[in-house]
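Just the one chain here, laid out as structure tokens, in the form predicted on its own.
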Amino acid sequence: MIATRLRQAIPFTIAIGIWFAPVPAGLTAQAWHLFAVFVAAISSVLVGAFPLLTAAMIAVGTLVLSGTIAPAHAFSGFANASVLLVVIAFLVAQAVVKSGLGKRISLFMVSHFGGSPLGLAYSIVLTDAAIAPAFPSNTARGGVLFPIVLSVSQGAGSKPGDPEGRRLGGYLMFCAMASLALSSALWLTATSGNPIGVQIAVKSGVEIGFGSWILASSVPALIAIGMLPLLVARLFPPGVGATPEAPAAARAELAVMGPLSRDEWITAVTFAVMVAGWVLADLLKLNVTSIAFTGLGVLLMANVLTLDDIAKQGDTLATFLWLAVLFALSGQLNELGFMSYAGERLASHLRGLSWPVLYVTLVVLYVFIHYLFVSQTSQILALLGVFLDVGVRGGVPVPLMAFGLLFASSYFSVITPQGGSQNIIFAASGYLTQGELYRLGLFVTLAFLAVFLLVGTPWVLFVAG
């Protein structure tokens, strides 16, 4: 009890200490106080003081009641399209499971790759890498992967509430979540943040197209993709060894299931149309969140999903609440100038270093400052240009600095469960605790960072330097 109380005192101590510290020159008191509360909220999760939902609710209440930020700004995340897309994708995934289509998909995957958890993980990671160039939204891509991972996990008997049985599901969930970060780094068109970063890089004289991106990213990204299932298996063992009999058993059960049922057909067609809409969203000028809402409406109209089914998804509401709050607070930190201030101050202290040391330091700082961001795009807009300019002025080859920061803008998203909206649907599955998500996120991000620095640096210098 005493240890718990001490842990719970830590975030309040941090908040009070920063709040009443002198406001640095160049920052407003409003930005400084918001930073104090935001850091305390994240710290409370890192030290195990409070769950993320509790920390987020206390944080937003404190900030609004103290007059630090206006209610309209504090609650703006509840109307954010990316936040809504996560919630709707989670609900649509339940239809894939309930209809039986998820079981059929999982049996199909097990019949081909189910000889081991590694086989299943590689099938998920490689599927994501293959479909990524057609998806300009990694959140939408997560909506495609999640029901497959959920079905495979449940089909193997892995349930979130089982302390040991959940491990296979947790292993596959994190592999899928991390693979989205890597496939976004692999392909220029895999996430909306990449083209934004490319436009910022143009101002420094770097022209990057689809071909030059894939040439520079291919070696480090593919190596990281290849090592991901093995690394996560070491950090979070799935608890299941080789299962050579599983593929034959899955084929037999598929035969017993017979043809697709009415609900499976409706779900399959609706889901296929949603995926096609997400793929063609840019071309047809469609809003990806509206596509998800329409798909959910069709499933409700066809009674594949019911209001009772939605009412049972308590975790979805909790996820929506904390994600919307943190998304809004992170955005306010950016709008109030704190992020650009921090980036400029950090960068200013690095002048005078040799360019290799400067390059590594900038990339490392750029990755770890993502602890303060909920949106990849907001960090790209706030800091990529600042860090790129400091690196170029310090003598770092322009293409190397640009690619180093651009790739990091994708793979750093897994460092926290809220580090990218695509993470949330997997984090909300219940298979992994918040502490496990932060621990795995840190170590996997360190591994990605090592690969892109040690392998990616000489490769980019060779092909683009």
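Keep in mind that what you see is a predicted model, and the values were worked out from it rather than measured. Rigid core: the largest C-alpha set superposing within 1.5 Å between the two forms. All residue numbers refer to positions in the sequence shown, first residue = 1.
Below, we turn to the form predicted together with a further copy of the same chain, even though it does not appear here.
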Notebook entry, point to check: Among 228-236, 109-117, 300-308, 125-133, which stretch has residues whose heavy atoms lie within 4.5 Å of a further copy of the same chain in the predicted complex?
Noted result: 300-308
Checklist line | Contact flag, P71 vs a further copy of the same chain in the predicted complex, heavy atom cut 4.5 Å | finding: yes
Check: Even though a further copy of the same chain is not shown here, does L317 get within 4.5 Å of it in the predicted complex, heavy atoms only?
Finding: yes
Notebook entry, point to check: in the predicted complex, does S290 have a heavy atom within 4.5 Å of a further copy of the same chain?
Noted result: yes
Notebook entry, point to check: Hey, in the predicted complex, is V60 touching a further copy of the same chain, heavy atoms inside 4.5 Å?
Noted result: yes
Check: Does a further copy of the same chain come within 4.5 Å of a heavy atom in each of S151, A176 and F462 in the predicted complex?
Finding: no
Notebook entry, point to check: Which one, R393, K312, R251, K159, lies within 4.5 Å of a further copy of the same chain in the predicted complex by heavy atoms?
Noted result: K312
Margin query: So a further copy of the same chain isn't shown here. In the predicted complex, which residue out of G435, G26, P51, G430 has a non-hydrogen atom within 4.5 Å of it?
Written below: P51
Note to self: Core superposed first: is there a CA shift of 2 Å or greater at L228 between the shown form and the other one?
What the structure shows: no
Next item on the list: Note yes or no: does the Cα of V364 move by 2 Å or more between the shown form and the other one after the core is superposed?
Entry: no
Note to self: Does P71 shift between the shown form and the other one by 2 angstroms or more at the C-alpha, the core having been superposed?
What the structure shows: yes
Check: With a C-alpha distance change of 3 Å or more, do V367 and S76 lie closer or farther in the predicted complex?
Finding: farther
Margin query: Flagged pair I69/L381: C-alpha distance shifts by 3 angstroms or more in the predicted complex. Which direction, closer or farther?
Written below: closer
